[in-house]
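Take a look at this single chain in structure tokens; it is the form predicted alone.
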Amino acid sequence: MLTISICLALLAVPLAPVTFNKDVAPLIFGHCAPCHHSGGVGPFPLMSYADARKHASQIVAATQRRYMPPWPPEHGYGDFADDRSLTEKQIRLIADWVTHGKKEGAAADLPQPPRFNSEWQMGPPDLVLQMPKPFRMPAGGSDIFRNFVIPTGLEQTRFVRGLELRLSNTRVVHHANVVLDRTQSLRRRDGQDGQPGFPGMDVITEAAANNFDPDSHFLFWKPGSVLRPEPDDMSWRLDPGTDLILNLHLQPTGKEESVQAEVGLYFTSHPPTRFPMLIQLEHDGVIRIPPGDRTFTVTDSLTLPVDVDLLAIYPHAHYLGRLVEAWAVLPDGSRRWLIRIPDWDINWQAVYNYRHPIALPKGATVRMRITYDNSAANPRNPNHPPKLVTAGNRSEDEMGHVWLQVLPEKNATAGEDPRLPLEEAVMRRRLQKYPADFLAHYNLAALMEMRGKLDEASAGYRDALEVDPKSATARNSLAGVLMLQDRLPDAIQQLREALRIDPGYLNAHYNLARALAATGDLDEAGRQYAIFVDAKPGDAAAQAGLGTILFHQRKFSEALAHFHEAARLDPKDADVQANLGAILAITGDLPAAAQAFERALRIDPNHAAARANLAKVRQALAVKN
């Protein structure tokens, strides 16, 4: 009886009422407010009791259907940081608050509301760059893929820990990517059709062969993106002379629109010590989804040639995607799930960072599988009735990608960047799927060039040219390999053909100047250098190259002007200082020549020519005095 009476007494104790301030506000502030605040992507703010009370029924409906807060990954298939989902208990708590009168509660129970910068998510940037001009969109038509060249104007190398995009008109932007053009090779395409920027989705840039710079970070923006800076030791390098290429996927709205963009950069003083890499699983080439097919599936896989730590994952499909799965098969045959999204929604795609990196050993195979529903039962199907859907960049087409950000582990015995064999595996896998893929042939050739395998590089560039004979870029790169092989006549032939295809291709002018100079054709070499220098006077190497030609032509005063400019642009180049000193000596300015030789030796104490010439200049000065 005693036990029963105690239990009855406990049952008689009234439950504390659920209130907004004590129970619901922590959930709203933590899970909803990051999007639902003034200036956020949510359609209304949820920053106060009044806000929540006004939208209480919507909140209950959306949370019970798990439509909000948006968190598509299924629990148990990957452990992700920043999980915004609510537990069943939290969902019931919100419903109880509404059912029992939406009480506000005591003011003392209300936690401090979060603060959001309405201008920039990550706070004021260190540098803000802007599209030179707004882009005007027509009222109708198909999707637009447009690239905008944004010069950085940097005078010294900076290391970037974060990038944020701010758009004047988010209604028209499906997504945005940022590409680094370290050689300003795409400037010549800007505005050729009379509009700011240039069309296209896949952007090819050029970089020096000794600068392996894969797309290692997720430099893109999606509606509703919650941004986070990279750790300082995983920053990325931004050099002077680099352009940002802002690639926008734009969708007409039925009326004329305009869009302008700003890019905010956040710097750190620490250069990176860890170098991640993005690898892509996809097989868009087989996407051909018949109308009514509810289980069309696309798969892909890649066997890892090195140990990696998996840092983040980004799946991507369009409106017909229904089930997204990715996993790793370990060398012992066991499976490690990476992600599973049972109800894909293009509106809530995101990058998912793992709470702890996933160690995947060499020999593991990463796999992806995406299932599509092209039936009338799919509420997101844009076609009524359903129609045949193939692969493409437009929203009414389909894609199936899973991007993995991995950190390859260094192998002390291999003696090379661990990203190189991984990049090779990615390109060779792509060529298995698409033997006529120009980019895969080109990138594999560039990789072989970087690794010093010149015969394989030459063959790879020729394979790329078999696919696209009109690629001036591939011909210029092939010529660079031929020059390294001392096959100068062949290199000159390729460069002249590149310039026939694209007369304004500055890098081809520069390489042709170098090749002609090596054959002794100084007049034509000087003309090619002059074309390049006229267009890019801030290039120290070109100034020095033209100065060298003029020196050999005994045009000393003109050569001196170019070497002065080269020394100003790159004061840490010992060869430039030594050559400047030589011309100053020849023209009779011995004190200035001595100073130039001394600067060269401060930069490189082992510079033999500078040391020998300095001795001669000092001896001549001593005799003169």
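All residue numbers are counted from 1 along the displayed sequence. None of these values were measured; they are calculated from a predicted model.
Beyond the structure shown, there is the form predicted together with a small molecule, which is absent from this document and is the topic of what follows.
Practice prompt. Would you mind picking out the stretch of 558-566, 593-601, 58-66, 572-580 that comes within 4.5 angstroms of the small molecule in the model of the complex, counting non-hydrogen atoms?
Written response: Every other range fails; the passing one is 58-66.
Is residue 43 near the small molecule? Define near as a heavy atom within 4.5 Å, in the model of the complex.
Although the small molecule is absent here, residue 43 would touch it in the model of the complex, with heavy atoms inside 4.5 Å.
- Query: Could you tell me if residue 348 has a non-hydrogen atom within 4.5 Å of the small molecule in the model of the complex?
  - Reply: Contact check for residue 348: yes, within 4.5 Å of the small molecule in the model of the complex.
Original post:
Is residue 35 one of the residues lying within 4.5 Å of the small molecule in the model of the complex, judged by heavy atom distances?
Top reply: Result yes; residue 35 sits at the interface with the small molecule in the model of the complex.
**Message:** Although the partner isn't part of this model, could you tell me whether residue 26 comes within 4.5 Å of the small molecule in the model of the complex, counting any heavy atom of the residue?
**Reply:** Close contact is absent here: in the model of the complex, residue 26 is far from the small molecule, nothing within 4.5 Å, heavy atoms only.
Q | Position in contact with the small molecule when the complex is considered in the model of the complex, options 84, 228, 92, 270, heavy atoms within 4.5 Å | A | Contact check passes for 84.
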